[in-house]
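Below you'll find only one chain, the form predicted alone, shown as structure tokens.
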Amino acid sequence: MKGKSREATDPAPDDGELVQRAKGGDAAALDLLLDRHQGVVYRFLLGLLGDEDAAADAAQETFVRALTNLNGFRGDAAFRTWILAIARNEARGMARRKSRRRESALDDLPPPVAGGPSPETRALRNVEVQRVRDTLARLPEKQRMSVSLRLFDGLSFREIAEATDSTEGSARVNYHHGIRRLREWLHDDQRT
């Protein structure tokens, strides 16, 4: 294979390899590992917390905790499952702290983008997105987590079970009950 570098022909390393390299001090492996899981952690936390700023803060804290405890990762579960469990615990802690003190958030609308959708279209889209988020937030926690992880991140029911500290059967049941409730509630909201 003349002219091609080894990196161009090798598939991307799996999480297990990246974890081992990161434990050995390979900063590039650590960066790749964190980049690979940043989106799923943020979306998972957004589903739990329902607030973009809180989800971003919790995601940052999740990665700090993961980095601090990386040497303790034994590999019994997938790295993604392990980091989602850390995220779940961080979200719970954040919710406890928030219940102790009330914060008020400012709703800042982004400035209009030239050539983008009209303000009316953006407003309607924002209303619809918020309606779905609000409806999703009404689900019990395990149903909300199961639905979010399955729909938005494509996790298997086994991975959802590990991330939510439940069984695979419970993850399936929570997902199906959550989807059914969401459909009912969204349908009922449209009729009223």
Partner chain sequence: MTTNGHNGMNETNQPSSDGTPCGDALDQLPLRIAGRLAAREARALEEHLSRCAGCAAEVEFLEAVVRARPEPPRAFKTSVLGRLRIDDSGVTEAVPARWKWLANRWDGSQRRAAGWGLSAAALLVLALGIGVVWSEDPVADGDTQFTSALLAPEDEMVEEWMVAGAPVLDGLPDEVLLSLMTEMD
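What you are looking at is a predicted structure, and each value in this text was computed from that prediction instead of being measured. Positions refer to the first chain, counted from 1.
Beyond the structure shown, there is the form predicted together with the partner chain, which is absent from this document and is the topic of what follows.
Proximity of Arg92 to the partner chain in the predicted complex: non-hydrogen atoms within 4.5 Å are present. Mapping the unseen interface onto this chain, Arg122 falls outside it, with no heavy atom inside 4.5 Å of the partner chain in the predicted complex. Taking a 4.5 Å heavy atom cutoff to the partner chain in the predicted complex, the contacting residues in 129 to 154 are Val129, Val132, Arg133, Ala137, Pro140, Glu141, Lys142, Gln143, Arg144, Met145, Arg150, Leu151, Phe152, Asp153, Gly154.
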